[in-house]
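One chain comes next, on its own, written as structure tokens: the form predicted alone.
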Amino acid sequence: MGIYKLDSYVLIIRGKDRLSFIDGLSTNKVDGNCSTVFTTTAAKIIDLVEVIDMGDFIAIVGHQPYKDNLIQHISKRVLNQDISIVDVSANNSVYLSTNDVVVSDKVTKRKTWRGWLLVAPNSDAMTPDMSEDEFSEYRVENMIPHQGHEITPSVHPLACGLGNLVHEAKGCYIGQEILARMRSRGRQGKELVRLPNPVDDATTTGKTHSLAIVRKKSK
């Protein structure tokens, strides 16, 4: 459908402990490029991020309005690990493309479950051709949650369509015990659904269908 500009931040994390550091604080197994979720001790979402492994460092790309909480969350847990965190958001723009587009050598491109993530320095800024309504329609059609809509600090990952990013076999991380208990007991509470319009309390409204987080029906 096109290219949409995201309201994103970009953090650069260096140090020999960079991957294990992010792995120990988030829901997915982090050993390279991946999507993962940072959660509170109550398993509520701090942010969904994309991890981009650049070799000597990793880039963390998340939702700009959630940046301060994420930085505060991870900074106080560095302790004695070999980690440095630098915010380079002001120097870069982030886009999501629904297709595999050709980009310049200066643009970092990674395929994600949401589409192709493009991180471009401001000197190589791209021209988005997808409107807010078109992006919403793309997400509704493909059941893709987004920050500020389905992904908010008031929900846990299993409730808003991010269950695929909650690794079932990794070690302890903040919020892990609660999420594991929800899964083992089949009590995640709510779930993300796609319903035909009109939809009460829709989180994203499309032309014919909408996304909503509703109470999960017992089997």
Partner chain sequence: MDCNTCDTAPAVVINKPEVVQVALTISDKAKEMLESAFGDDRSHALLVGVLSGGCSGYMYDLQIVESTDQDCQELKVDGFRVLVPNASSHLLDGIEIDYVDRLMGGGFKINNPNASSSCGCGESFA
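Quick caveat, the model's predicted, so the values are computed rather than measured. Residue numbers count along the first chain shown, from 1.
There is another form of this protein, the form predicted in complex with the partner chain, and it is not shown here; the text below is about that form.
message: Is it the case in the model of the complex that G2, G115 and L162 each bring at least one heavy atom within 4.5 Å of the partner chain?
response: No, the candidate spot makes no contact with the partner chain.
query: Looking in the model of the complex, any heavy atom of E177 within 4.5 Å of the partner chain?
result: Residue-level check for E177: yes, a contact with the partner chain.
message: Contact with the partner chain in the model of the complex for G148, defined as at least one heavy atom pair within 4.5 Å: yes or no?
response: Judged by the heavy-atom cut-off of 4.5 Å, G148 is well away from the partner chain in the model of the complex.
query: Quick one: does E134 come within 4.5 Å of the partner chain in the model of the complex, counting heavy atoms only?
result: Because no heavy atom of E134 falls inside 4.5 Å of the partner chain in the model of the complex, the answer is no.
- prompt: Heavy atom to heavy atom, is I12 within 4.5 Å of the partner chain in the model of the complex?
  reply: Taking the distances in the model of the complex, the answer for I12 is yes, it comes within 4.5 Å of the partner chain.
Those residues of 20-49 which, in the model of the complex, come within 4.5 Å of the partner chain by heavy atom: Heavy-atom contacts within 4.5 Å come from F21, G24, L25, T41.
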